[in-house]
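Below, in C-alpha cells: the form predicted alone, a single chain.
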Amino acid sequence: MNLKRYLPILQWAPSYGRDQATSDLVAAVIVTVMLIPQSLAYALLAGLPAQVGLYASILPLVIYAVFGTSRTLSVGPVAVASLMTAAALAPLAEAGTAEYLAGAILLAVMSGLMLTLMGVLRLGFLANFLSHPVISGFITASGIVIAASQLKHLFGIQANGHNLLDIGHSLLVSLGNTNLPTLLIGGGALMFLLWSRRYLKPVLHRLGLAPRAADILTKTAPILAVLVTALVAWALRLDEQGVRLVDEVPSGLPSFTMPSLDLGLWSQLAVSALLISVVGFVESVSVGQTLAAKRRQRIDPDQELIGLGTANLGSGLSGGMPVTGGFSRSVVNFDAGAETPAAGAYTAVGIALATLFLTPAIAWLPQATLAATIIVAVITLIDLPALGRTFRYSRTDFGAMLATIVLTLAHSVEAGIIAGVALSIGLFLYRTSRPHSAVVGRVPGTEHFRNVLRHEVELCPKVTFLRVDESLYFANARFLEETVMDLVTREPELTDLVLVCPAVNLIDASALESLEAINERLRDAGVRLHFSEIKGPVMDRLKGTELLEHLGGRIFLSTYEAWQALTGRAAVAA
C-alpha cells in the first residue's frame, strides 16, 4: 500500500519549513476571523444551536489536513449543505430539539461513511453524473431559498417552510408582526455588508492600503458587523425589546458523540445523506481544482472523497454537522497566502480558542446579523443569467436546468436535484440513442473525407462511406441497423459499405450483435461490409469475435486506404 496515496500529509510535511509555517499562520488568522460568524450563521440556517457550527469547524479541519490533497481548500459548514440538512431533518423532528441535533450528527456520520467508501473504491467519477447545468440550477435555486428563509430573522417574525412558496406565504402572513429594532439591526448589517462587498476595497485603496491587504480586510467585514451589533445589543439590552439573540453558547471544546443507532432513522436519512455527500463533493472538488490550477498544482478526486469523508466523520463524532469545502473561505485562504493544509489545522486551533473564550460575547449576537451574513454570502451563488446562456446553447440542458430550479423552489432541494440528475441522464440516453451519422465523400485532391451535405466531395455510386459519430451500445444499436438498411435500400448500385469509426470508443455486446446482423443482411443483399479507423482498444475487443470471422469485407487503417482499394476496384469492374 502506498501510504502517501492515502495520507497526503506525508507528501508535504517532511519538507515543511518556517517560511511555509509563517504563511499558513497568517492565512489561518484571517480565515478564523471570517469562519467564526460563518459557522454560527450556517448552524442557524440548518436549525441547529450555534455551537454546532463551531464544533464542525474544529476537528474536520485537522482531519482534512491529514487526508486532503488540496493545499488551500478550507473545510467547514457551507450554505447549501446547511439548507439540505434542514430540509432533511424538518419532517423528522422539530428544530432545536435533541432529536433534531441527533439527526444532524447522524447525517454527518453517514455522509462521512459514504464519501470514505466511495474514495476507497475510487468512485469519484460518479459525481460526473451531476451535469454543470443541473448543479448551476440547483445552487441558484438553493441560494434563492436560503436568502428567503433568512428574511424572518431580519424582520423578527415567525415563518416556516423549506421551499420558496411556503416561505413566501408564511412571510406575508406574519409581516405585520415585524419587530422594528430587529429590522434596524438586521437591515443595517445587511446594508453594511453589501456596501463593504462593493465599495470598501476602493476606499481602503484610496487610504493607501496595499491591494492584498485591502482585499483581505474587505472579505473579513462580517466580523466587524458581528462585533458592532453584539455590542449594541448588549449596551441597549435589545433582548428586552424582542430582538432574538444567539443566547447562551456552551463554552469548551466538543466532546466525543456517538451517532444514533436507530436503524429506522438511518434508512430515513440515507437518500439525504447521499445527496449531501455528492453535492458537497462536487462543490469541494470544483473549488479545489480551480485554486490548484492557479499554482500549477493538482488534487486527487478519489483521495478528496476520503479527505471529505473522514472530515465529516470527525464532525459527526464531535457533535458537528455535515461539512465540505467552502468557496468563499477557500478563496480567502488562497489569497491570504496559505501554502499547505496545515493552515486549516491552525484555523481549527483558532476556532477552538473561540469556543473556549468568546462564547459569552457570542451570546449577545443578534440572529438578524447572522441572517444578513448568510444573505450576502449566498447572493454570489445565484446565477440567473446562466439560464439564458444555457438556453441559447442547448435546449435539452436548459430543460434539465429549469426543472431543477423550479422543483427546488416549489417543492424541495431533494426533489430538485433528483429530477435534474434523472433528466440529465435521460436526455443523454435519448441523444445517444439516435447517434449522428453522415455519408462522407473525398475532398478532391486530398485524403480528407467530409459530410456530403456540407461540402463538395467526390463520390462513387458503388461504394458508400458512412461515418458513425457516437460509441455503439445497447441504446443505439437498433438505430444503426435501421440507418444502414435504409441507406442500402436507397442505393441500388451499392456493392460496398464502409463504416467509418473515428468517434467510436466503445462497442458493447448489444452493438456487436447488431453489427453481426448488419453484416449478414448486407451479405444477403450482395453488399460487402467494411470498417475503417477503428481505434486500438475497440479492435482489441473485437478480435476473435464472430463479426470479424464472418466479415464480408475488410478492415482498413484509414478511410483513404479504403477509398483507394474499393473505388479503384469499382472502376475496374465498371
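From 1 onward, residues are counted along the sequence shown. Not measured: the values here are computed from a predicted model.
What comes next is about the form predicted together with a further copy of the same chain, which is not displayed.
- Residues with any non-hydrogen atom within 4.5 angstroms of a further copy of the same chain in the predicted bound form fall in just one of 191 to 199, 120 to 128, 355 to 363, 74 to 82: 120 to 128.
- The closest non-hydrogen atom of residue 424 lies within 4.5 Å of a further copy of the same chain in the predicted bound form.
- Using a 4.5 angstroms limit between non-hydrogen atoms, residue 393 touches a further copy of the same chain in the predicted bound form.
- When contacts are judged by a 4.5 Å heavy atom cut-off, residue 264 does not count as touching a further copy of the same chain in the predicted bound form.
- The closest non-hydrogen atom of residue 293 lies within 4.5 Å of a further copy of the same chain in the predicted bound form.
- Proximity to a further copy of the same chain in the predicted bound form, taken as a non-hydrogen atom within 4.5 angstroms, holds for one residue of 450, 212, 389, 169, which is 389.
- Residue-level contacts in the predicted bound form: of 411, 434, 205, 455, one residue has a heavy atom within 4.5 Å of a further copy of the same chain, and it is 434.
- For the stretch 495 to 516, the set of residues having any non-hydrogen atom within 4.5 angstroms of a further copy of the same chain in the predicted bound form comprises 503, 505, 506, 507, 508, 509, 510, 512, 513, in sequence order.
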